[in-house]
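Included below are C-alpha cells for two forms of one protein chain, each presented in isolation as structure 1 and structure 2.
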Structure 1
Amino acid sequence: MELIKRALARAFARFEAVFEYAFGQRNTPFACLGALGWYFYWIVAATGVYLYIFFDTGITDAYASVEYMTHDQWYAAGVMRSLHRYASDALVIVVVLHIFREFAFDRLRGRRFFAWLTGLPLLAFIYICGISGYWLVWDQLAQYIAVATTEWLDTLPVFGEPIANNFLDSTTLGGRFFTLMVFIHIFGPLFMLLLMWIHIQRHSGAKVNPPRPLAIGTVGVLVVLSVVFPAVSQAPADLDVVPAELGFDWFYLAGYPLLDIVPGGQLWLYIFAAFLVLAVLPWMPPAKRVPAAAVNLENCNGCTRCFDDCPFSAINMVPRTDGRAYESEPVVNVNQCTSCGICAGACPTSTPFRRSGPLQPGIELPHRSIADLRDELVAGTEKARVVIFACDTGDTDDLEEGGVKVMRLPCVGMLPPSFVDFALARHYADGIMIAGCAEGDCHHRLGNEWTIERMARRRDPYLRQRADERRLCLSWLPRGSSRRRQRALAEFRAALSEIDDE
C-alpha cells in the first residue's frame, strides 16, 4: 500500500509541477480540488435551476423542450445546458483527482478517516445525479440509459416485475419512471449538498471556494467551450428502435459498456467490493496512534487561539472547571485531533524565553513537547548557524549539512513565532528557515497559512518586531522538491553571508 501511495504521490508531484509553473503555488488547481468540486456543484445547480424553467417534465414533451432550449434559445438556455453538462463532467474530474490525491498524500488515515468515509456516498450521488440527468433529455442516449439501467437494476433481487418493462416498447411507455427520474435529478443534488456539508464538518475553515483567478479562468473556459461546442441531443427516443451508435459521456457512462461483457449481478458485486475497499483504506494499514494534544490548565488562560487555529475542529471551548477567573478552557476531542501541534504553535505561553518554572504551555503535544523543542534548539546549535524547522512531510532529508541543523515538527504550524526570536536573539542561529508544504496545500490544512500570517505579524501570536526578517526564510514547496529546497537553502545562506558582511 505504501508503495502505491509513494508512486502515486511521485506522479502527482511531477504532474503538479507543470500546473504550479503555470498558475503559481496559491492558484494551482491541485491545491483546491475539493473547493473546485464545490464550485462546479454550484455551477451545475445554478444552470440546472435555469434549465428547469424551460424543461417539460412529461416524457412526451421533454425532448422537444430540450431541443427548444438548445436551438431556439441557444444563446441563453443552450449555453446553460452546455455549461450544466460540462461543469458536471468537470466535477467528476476534480472529484476523482481529489480522491486519488488524498490517498496518495495519506490524508485519510487515523483521525482523518471521517472526510474520506463521508466522501464515498458523495461519489455515488454524483453518478446518480449525472445519469438521471442524461435520462431526462429523452433522446436515444437517454433511451439506452433507461433500458440498460433498469435491466441492470433488475439483476438485484428486489423488484417483483422487471422494471425494464417500463421501457419495453412504445406501447408500454409510461411517464411513471420518467417522473421518478425528474424527482431524483432534483432531490439527489439537494441531498448531495447535505452530504457535502457533512463531508467538511471536521474541517474548520474548509476551503469551499477556489482562488478567484482560478474560478474566473475555469468558468470562462467552460463558457467558451459551451459556445464553441454546445451540448446537443441525439435522435429522439423511440422504444421500437434499437439505438445503435451513441455519443457517450465517458465521464458518467464509462461503466455501461461493461454490462455487455459482465453479467449485471456480477457488476453490482464489483462495485460493492470497490466501495468496500475504498471504505477500509483509512485502516490499511491502521495509522500509528499518536497522542492527542493535551491541555495544561494551570498555564492556560482560555485565550481561544488554539480553538481558532485548530484545522480539524478538534478543540472546543467550555466553561472553566478549575475555578480560576477565566471564562473558558479548551477541551481536546481526541477522536478528531490529528496531533499536528498547530495548537501549541498558537498558544501564547509556548515561549522559550520563560524562566520561571518548567516550560509547559497551555496546550501541547505530549510526545513533542515545547520544552523538548527548546532543548533540541539549544543543544548542538553552536556549529549550526542555520536552523531549519521542517514539517515531517517535507523533503528535508538532504538539507542537513555542515552548519545546518534540521528540526522536524509534525507541522511547521507547531512552531511558535517566539522560537524564531529566541534563536536569533540568543544567537543560537544566524538564520532560521521554515520549510513546509506548498502554500495552500498544507498536509495539516492550515499550518503554513497560519505560519505565514504569524511571521508576517498579522496573526496572533505575532513574531516580535525586533526579529530581523532578513534572517528568516519561509520556504513553501510541494512534495518532491528537494532540489528546489536545497537551492532555497543555498540562496538563504548566501543572503545571510551578505548580511554578516555588512
Structure 2
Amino acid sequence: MELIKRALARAFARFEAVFEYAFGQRNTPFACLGALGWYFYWIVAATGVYLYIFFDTGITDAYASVEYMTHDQWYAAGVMRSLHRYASDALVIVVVLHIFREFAFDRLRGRRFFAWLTGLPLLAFIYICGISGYWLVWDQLAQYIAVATTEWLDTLPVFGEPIANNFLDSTTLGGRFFTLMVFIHIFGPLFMLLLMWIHIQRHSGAKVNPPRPLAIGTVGVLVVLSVVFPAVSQAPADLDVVPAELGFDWFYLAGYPLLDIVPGGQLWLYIFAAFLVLAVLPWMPPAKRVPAAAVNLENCNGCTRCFDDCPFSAINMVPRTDGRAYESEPVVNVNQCTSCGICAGACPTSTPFRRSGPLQPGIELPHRSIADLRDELVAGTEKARVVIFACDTGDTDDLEEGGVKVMRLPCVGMLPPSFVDFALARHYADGIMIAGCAEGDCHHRLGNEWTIERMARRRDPYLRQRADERRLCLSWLPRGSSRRRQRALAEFRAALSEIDDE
C-alpha cells in the first residue's frame, strides 16, 4: 500500500510542477481541488435554476423545451445548458483527483478518517445527479440510459413491479415519470449539499472558494467551451424504435457497456465491494497512534488562541474548572486531534526565554514538548550557521551538512515565533529557515498559513520587532522538491554572508 502511495505521490508531484509553473503556487488547481469542487457545484446549481425556468416536464415537451434553449435562445439558455454540462464534468474530474491525491499524500488515516468516509457517499450522489440530468433531455441517449438503468435497478429485490416496464413502448410512459425525474434531479443536489457540509465539519476554516484568479480563469474557460463547443441533443427518444447508433458519452457513461457483459446483480456486488475497499483504506494499515495535545491549566489563561488556530476543530473552550480567575479553558477532543502541534505554536506561554521554573506551556504535544525543542536548539558546542525548522513530511533529509542544523516538527505551524527571536538573539544561529509544505497545501491544512501571518506580525503570537527579518527565510515547496529546497538554502546562506560582510 505504501509503495502505491509513494508512486502516486511522485506522479502528482511531477504533474503539479507544470501547473505550479503556469499558475503560481497559491493558484495551482491541485492545491484547491476541494474548493474547486464546491465552486463547480455552485455553477451547476445556478445554471440549473436558470434552465428550470424554461424546462417542461411532458413526454414531448421535455425534448422541445431543451431544443428551444439550445437553438432559439442559444445566447443565454443555450450557453447556460453547456455551462451546466461542462461544470458537471469538471466536478467529477476534481472529485476523482481529490480522492487520489488525498490517498497519495496519506491524508485519510488515523483521526482524519471522518472526511474520507463522509466523502464517499458524495460519489454516488454525483453520479445519480448526473444520470438523472441525462434523462431529462429525453433524446435517444436518454432513452438508452433509461432502459439500461431501470433494467439494472430491477436486479435489486426492492421494487414490487419492474420499473423497466415503464419503457416498454410509447404508451407505457407517462408525464408523471418526468416529474419524478425533475424531483430527483433537484433534491439529489440539495441532499448532496448537506453531505458536503458534513464532509468539512471537522475542518476549521474550511476553504470552499478557490483563489479569485483561479475562479475567474476557470469560469472563463468553461464559458469559452460553452460557446465554441455547445452541448446539443441527439434525435428525440422513441420507445417504439431501438436506436441503431448513439453518440455515446464515455465520460459519464463508461460503465454502461458493462451491463451488456456482467450480470446486473454481479455488477452491484462489484460496486459494493469497491466502496467497501475505499471505506477501509484509512485503516490499511492503521496509522501509528500519536498522543494528542495536552493542556496544562497552571500555565493557561484561556486566551482561545489554540482554539482559533486548530485546523481540525479538536479544541473546545469550556468554563474554567480549576477555580482560577479566568473565564474558560481549552479541552482537547482526542478523537479529532491530529497531533500537528499548531496549538502549541499559538500558545503565548510557549517561549524559550522563560527560565523561572520548567518550560511547560498551556498546551503542547507530550511526545514533542516545547522544552525538548529548546534543548535540541541549544544542544551542542558548535554553533549552527543556519537552523532549519522543517515539517516531518518535507524533503529535508539531505540539507543537514556543515553549518546547517535541521529540526523536524510535525508541522512548522508548531514553531512559536519566539524561537526565531531566541535563536538569533542568543546567537544559536545566524539565520533561520522555515521549510514547510507548498503554500496553500499544508499537510495539516493551516500550518503554513498561520506561520506566514505570525512571522509577518499579522497574527498573535507575533514575531518580535527586534528580530532581523533578513535572517529569516520562509521556504514553501511541495513534496519531491529537494533540489529546489537545496537551491533556496544556498541562496539564503549567500544572503547571510552578504549581511555579515556589511
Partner chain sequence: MNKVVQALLYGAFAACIGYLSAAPTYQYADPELAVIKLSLNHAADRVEECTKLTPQQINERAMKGEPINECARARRPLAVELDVDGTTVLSLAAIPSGLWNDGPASVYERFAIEAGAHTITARLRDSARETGWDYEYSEEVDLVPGRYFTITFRAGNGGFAFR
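Whichever C-alpha set is largest while still superposing within 1.5 Å between the two forms counts as the rigid core. Just so we're on the same page, residue numbers count up from 1 along structure 1's sequence. Nothing here was measured: the structure is a model prediction, and the numbers come from that model.
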| item | value |
| --- | --- |
| Selected structure - criterion: the form predicted together with the partner chain | 1 |
| Residue shift check between structure 1 and structure 2, rigid core fit, Gly175 Cα at least 2 Å | yes |
